[in-house]
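In the form predicted alone, a lone chain appears below as structure tokens.
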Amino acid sequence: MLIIGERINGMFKDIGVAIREHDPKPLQEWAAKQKAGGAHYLDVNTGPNSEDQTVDLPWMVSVLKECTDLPLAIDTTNYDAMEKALEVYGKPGALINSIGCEQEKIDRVFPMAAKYQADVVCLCINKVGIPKSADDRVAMAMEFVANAEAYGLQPDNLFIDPIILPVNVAQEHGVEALETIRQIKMISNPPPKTTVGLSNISQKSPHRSIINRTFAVMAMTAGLDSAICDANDEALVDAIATARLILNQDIYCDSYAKVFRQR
């Protein structure tokens, strides 16, 4: 279960100011803080207020590349900015975040992923919108897998995101997302990986932390491989570490939560 730390995002005020002023310090501080919290990847997003993502996103990547050994999830739908950021990153292991299930986007991004030896977050959404049923989401996952093989990628280079919506407005979607995760594990060998934007499930709810960690554990039992989430929510990280233990994915020791964070 990989934690993709969500905090280096221009939507947060301190990061937005840092991007505008090209001040590396807040990015460096959050990189270190999230790694200590248990992050395995760092999500990197300029947010919506960047004047030029083709400048700001590569700058963010260059700052983080120098201060952390964690791989980066480069988060933008501006694919020119994505390619410039991947050029700056300059090594395998990045995570392209993200593309929807639209052929023109697949044709733009999958060759880029192959060229830079990156993995790709693939969203179960198309021009029509987010499907309600697990079957329709899985059909999109199968489209991604078929295209990946055509472009020389392996199914496990893909992180399929079934899309979770806030439980307070779309309660019926949660069970469909869980079923999607279960079924994705059966569509190929090796199967694609799975991911979610975890904080989406609790948006505008007064009970965010408990909703997030409960859904995370439920999704792990369905086969979830990763989540974009708050790596510094101690209760969430403890729940993830404990779920790994109970699912027999880690060997028990009394300090298992500490070991999970240090790995």
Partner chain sequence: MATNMLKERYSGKINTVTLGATKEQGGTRTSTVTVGGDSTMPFLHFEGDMPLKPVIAMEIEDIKPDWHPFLKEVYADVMDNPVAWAKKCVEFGADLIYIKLNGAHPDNGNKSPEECAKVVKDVLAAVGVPLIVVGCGEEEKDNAVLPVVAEAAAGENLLIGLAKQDSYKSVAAAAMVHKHKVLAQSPLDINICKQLNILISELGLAPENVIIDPATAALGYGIEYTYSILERGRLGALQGDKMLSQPVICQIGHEAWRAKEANALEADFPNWGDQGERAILWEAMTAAGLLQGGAHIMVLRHPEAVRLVKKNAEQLMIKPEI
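Positions refer to the first chain, counted from 1. In this text, all values refer to a predicted model and were calculated from it rather than measured experimentally.
What comes next is about the form predicted together with the partner chain, which is not displayed.
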In this chain shown alone, the residue from Asp156, Asp135, Asp107, Glu143 with a heavy atom within 4.5 Å of the partner chain in the model of the complex is Asp156
| said: Residue-level contact is defined here as any heavy atom of the residue lying within 4.5 Å of the partner chain in the model of the complex; does Asp254 satisfy this criterion? | reply: yes
Across 214 to 238, the residues having a non-hydrogen atom within 4.5 Å of the partner chain in the model of the complex turn out to be none
